[in-house]
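Listed next as structure tokens is one chain, alone, in the form predicted on its own.
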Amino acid sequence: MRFEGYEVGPFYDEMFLSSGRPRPGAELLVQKIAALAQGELSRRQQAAEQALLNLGITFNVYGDNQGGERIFPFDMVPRIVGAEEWASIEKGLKQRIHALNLFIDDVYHEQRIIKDGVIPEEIIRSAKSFRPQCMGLNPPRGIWNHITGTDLVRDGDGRMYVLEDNLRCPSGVSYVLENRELMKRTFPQVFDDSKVRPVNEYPSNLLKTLQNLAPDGVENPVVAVLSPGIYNSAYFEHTYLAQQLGVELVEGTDLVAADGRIWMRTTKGFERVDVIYRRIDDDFLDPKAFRADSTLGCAGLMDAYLHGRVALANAPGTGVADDKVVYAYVPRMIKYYLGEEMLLPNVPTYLCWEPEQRQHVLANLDKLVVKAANESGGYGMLVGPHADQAARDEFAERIKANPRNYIAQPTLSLSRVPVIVGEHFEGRHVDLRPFILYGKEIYVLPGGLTRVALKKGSLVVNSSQGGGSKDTWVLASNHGT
């Protein structure tokens, strides 16, 4: 299976230069694939898919009437990122995460950024994930966003841009770890020769990040992963991470608040819990503090948290920085809090709540991507150039009815990578979700989840919308040497 006939253009290709030659660092992999016997790569691809199925690496699709649970599609050809470029990305992500943490802390305390006119107060107050209950809250060590998944895209100019931040319950790191295991078995020699940076340190770093939050005086903190249960789309990941961390996986019904602390039911009776890595939204954490009808959390959890007797990651209220309108102000946050220029730029963004920008958006819906401020997974979104007039008219009415809830961005020429299609390769669009941990220091997982739009021509990479994933190889030195 060779790359003859593979169309590099007209988009930026992650593996090949416009001349058709492999990019530095990709030569070994291209040579290895070209040397495989006819049909061998397809056989390896099928074996990988069977391994995913056997391991139970699946996700659920909400509203799917065909059984719902399916394997997360995986493509064998990895995405390669050079050492020098990764160093730049890592630096930019650390800067961003630092500034976002300062912003969240400020929003729930002095609100200096509002008083100084950098961000309008109504934007913060109207953000769906702004939690008045968190005003004055001081999370352990002053850290709010312990685990972040920041989505990056490369445009036709070859530059990386931040597409959005995911600070509530970012998912996908389990696929990063499992994809890597598959690739090491499939291409062991080329993997070793390429000097790919490891990703298997993530679970131990995550555990250290969580243990760092334990209440003062607790020497051997008990950590638990809180899941909404088996019907959640990321349930595989919850079970996987609990296993990798060596901690208990619990649901709300397993937890009890008593004596000002949180306890979990075990076969040996109740055991105190010191740190909870929660994989449920704020709304469902505690029916006494948030949604009274929630059955997913634990009544009394917030009281124990506020008194410093249990830690939560991520901290409640962190989602205010997930809002796509707030995202547009991150360059100003970095300048305001750090006195620095942004290293990883945002995608240019129009705010529909501002009259002039709204008029521009409404007049150019055929050229823009419109997103709802608090939707995810590719939902609540209009890709203008691919939509018909009826869809654009419907979105125009939505924007007019609730302008605060929408942003618009130019349609990017997302970079592409080769994927296996039958017995040949075709280019498909990708993004990249690195995972960042904020503990004693900020740690960036080398690589992250490369999500690929497996439908030809599609720009939507989400698994619920037909996307899949690839392993991401960050090289330890330039040119894989």
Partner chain sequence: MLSRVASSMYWLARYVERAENVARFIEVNQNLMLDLPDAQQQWEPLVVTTGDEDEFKSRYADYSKRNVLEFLSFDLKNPSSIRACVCAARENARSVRGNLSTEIWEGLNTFYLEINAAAADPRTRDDPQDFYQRVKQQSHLLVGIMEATMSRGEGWHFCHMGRLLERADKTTRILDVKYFLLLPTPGHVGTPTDEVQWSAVLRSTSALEMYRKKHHTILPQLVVDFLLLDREFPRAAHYCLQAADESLHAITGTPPGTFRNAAEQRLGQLRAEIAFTHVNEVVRAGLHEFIDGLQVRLNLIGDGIHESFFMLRPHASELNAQSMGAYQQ
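Residue numbers count along the first chain shown, from 1. Since the model is a prediction, treat every value here as computed from it, not as a measurement.
Just so it is clear, the following notes concern the form predicted in complex with the partner chain, a form of the same protein that is not shown.
Peer 1: Could you tell me if all three of K32, S42 and W86 have a heavy atom no more than 4.5 Å from the partner chain in the predicted complex?
Peer 2: The answer is no; none of K32, S42 and W86 reaches the partner chain.
Peer 1: Out of the stretches listed (256-264, 154-162, 401-409, 323-331), which one is close to the partner chain in the predicted complex, meaning heavy atoms within 4.5 Å?
Peer 2: Of the options given, it is 256-264.
Peer 1: Just to be sure I understand the contacts: of W353, Y235, F284, Y336, which is the one whose heavy atoms reach within 4.5 angstroms of the partner chain in the predicted complex?
Peer 2: Contact check passes for Y235.
Peer 1: Counting any non-hydrogen atom inside 4.5 Å, which residue from N364, Q189, Q243, T295 sits next to the partner chain in the predicted complex?
Peer 2: Exactly one listed residue reaches within 4.5 Å, namely Q243.
Peer 1: Given that the partner chain is not shown alongside this chain, does G217 nevertheless sit within 4.5 Å of it in the predicted complex, heavy atom to heavy atom?
Peer 2: No, G217 sits far enough from the partner chain in the predicted complex that none of its heavy atoms falls within 4.5 Å.
Peer 1: Is there any non-hydrogen atom of G56 lying within 4.5 Å of the partner chain in the predicted complex?
Peer 2: The answer is yes: G56 has a heavy atom within 4.5 Å of the partner chain.
Peer 1: Report yes if any heavy atom of L249 sits within 4.5 Å of a heavy atom of the partner chain in the predicted complex; otherwise report no.
Peer 2: Answer yes; at least one heavy atom of L249 falls within 4.5 Å of the partner chain in the predicted complex.
Peer 1: In the predicted complex, is there a heavy atom of the partner chain that lies within 4.5 Å of any heavy atom of A390, even though the partner is absent here?
Peer 2: A390: no contact with the partner chain in the predicted complex.
Peer 1: Between 266-287 and the partner chain in the predicted complex, list the residues on our side with a heavy atom within 4.5 Å.
Peer 2: Residues within 4.5 Å: T266, T267, K268, G269, F270.
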